[in-house]
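Here's a solo chain for you in structure tokens, the form predicted on its own.
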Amino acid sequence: MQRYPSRSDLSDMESYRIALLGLGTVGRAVAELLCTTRDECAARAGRPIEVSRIVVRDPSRDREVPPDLPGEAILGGDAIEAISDPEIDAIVELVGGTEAPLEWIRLALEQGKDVITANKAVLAVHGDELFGVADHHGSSLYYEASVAAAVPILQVIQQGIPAGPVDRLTGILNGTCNFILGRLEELSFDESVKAAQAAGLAEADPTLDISGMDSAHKLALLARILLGCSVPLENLRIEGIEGLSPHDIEFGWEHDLSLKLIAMLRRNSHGTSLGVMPCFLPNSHPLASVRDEDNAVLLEAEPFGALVLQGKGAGGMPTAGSVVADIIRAARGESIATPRSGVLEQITDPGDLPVRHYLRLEVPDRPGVLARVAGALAAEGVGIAALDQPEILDTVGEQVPIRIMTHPVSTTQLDAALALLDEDLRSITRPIRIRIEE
């Protein structure tokens, strides 16, 4: 049984000193958590943890720095100065973006300092370089908070699951999108985004979330560990939730399906498929009931069957919890293993697997339109299993929505059929098509 040091033992130990880069939503939450759990963090780390520097964009602005923050933090605006301070043991990067954080993380690692970050974008794009720098200089780069906020998925994958490859990963990796899709049950898409912004879950510009790119960044980090190599984002199918509406949620209700933005990894005899896309899941699926801003990951492998991890995936405090956990690991000197064996060259498209699809189009309310749509689908061998027209609540002019369920077909084949819609229809409608995961 592990014995934590007593308070008297800790008083004689050298502190682990960190520089906190960024005092936004997550940065403030990290500072608050280090205050409220000061003694527990010190006990778990085996030595006191102190914040020696805080770097913000404008130090002249009033900042909500907790008065009882452990350490005597110097507030400044120069990240390079803080990183170069020889008294600093670790950099906690919580700024976001890629250009400046890339420079800061690289410099800290080159100086032999630990780095803790929640920045999934910089790691997904520049991970090869940064993990290589860490290896070369004997530094450690911790990034648990960058993948699923409060869900300790990296620790489970690296240390907690039995030996053997994970064959399938199915994840809800963006809590903001999950929150928005839940609000679509009652609100329009734009209203649902505003609700997420009001709840502090979405940025003023939510593009990174709703485009699916945030989920793709996180999937790339998970794939790096599961596959032992890096994954080029440009080779992934990445689709977001823009344009979805209550009509789509209503279709799900009618067919016992739940709409989620899914990140997926599938290994089979033909290779490895990776992608992010909105999908309908049967209500019996383990992830179908995941609500609000929660994240969840379903791992499937022969040695252990199926394992689900779920927790808060957005917001300051859930993310801060994983950041502080990484600070404690770094203070204890726990190394973090990041497999590096080149680039995954052959990535297959998850859309190549034939499944049923849901299709919604806004079309003119005129005779013959359905025949024109059916003709385009038939030309590429896409069969219609069911077709209906939902109750018209917000019809604009003469346009009406129609909803179609196809027979099993690949997404690429369905896209080829939609490209055959005549010019009149293409000028009116932007088809919404969603895979139905069986």
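Note that this is a predicted model, so its numbers are computed, not measured. All residue numbers refer to positions in the sequence shown, first residue = 1.
Heads up, the form predicted together with a small molecule isn't pictured, but that's what we're talking about next.
- Scanning 290, 261, 363, 95 against the small molecule in the model of the complex with a 4.5 Å heavy atom cut-off leaves one residue, 95.
- Listed residues 315, 246, 351, 206 were compared with the small molecule in the model of the complex; 315 is the one with a heavy atom within 4.5 Å.
- For the small molecule in the model of the complex, the listed stretch (234-242, 300-308, 114-122, 183-191) containing residues with heavy atoms inside 4.5 Å is 114-122.
- Taken together, the three residues 23, 104 and 319 all come within 4.5 Å of the small molecule in the model of the complex, as judged by their closest heavy atom.
- Interface residue remark: residue 276 is not counted as part of the site for the small molecule in the model of the complex, having no heavy atom within 4.5 Å.
- The small molecule in the model of the complex comes within 4.5 Å of a heavy atom belonging to residue 27.
- Among heavy atoms of residue 58, some come within 4.5 Å of the small molecule in the model of the complex.
- By the criterion of a heavy atom within 4.5 Å, residue 145 is counted among the residues contacting the small molecule in the model of the complex.
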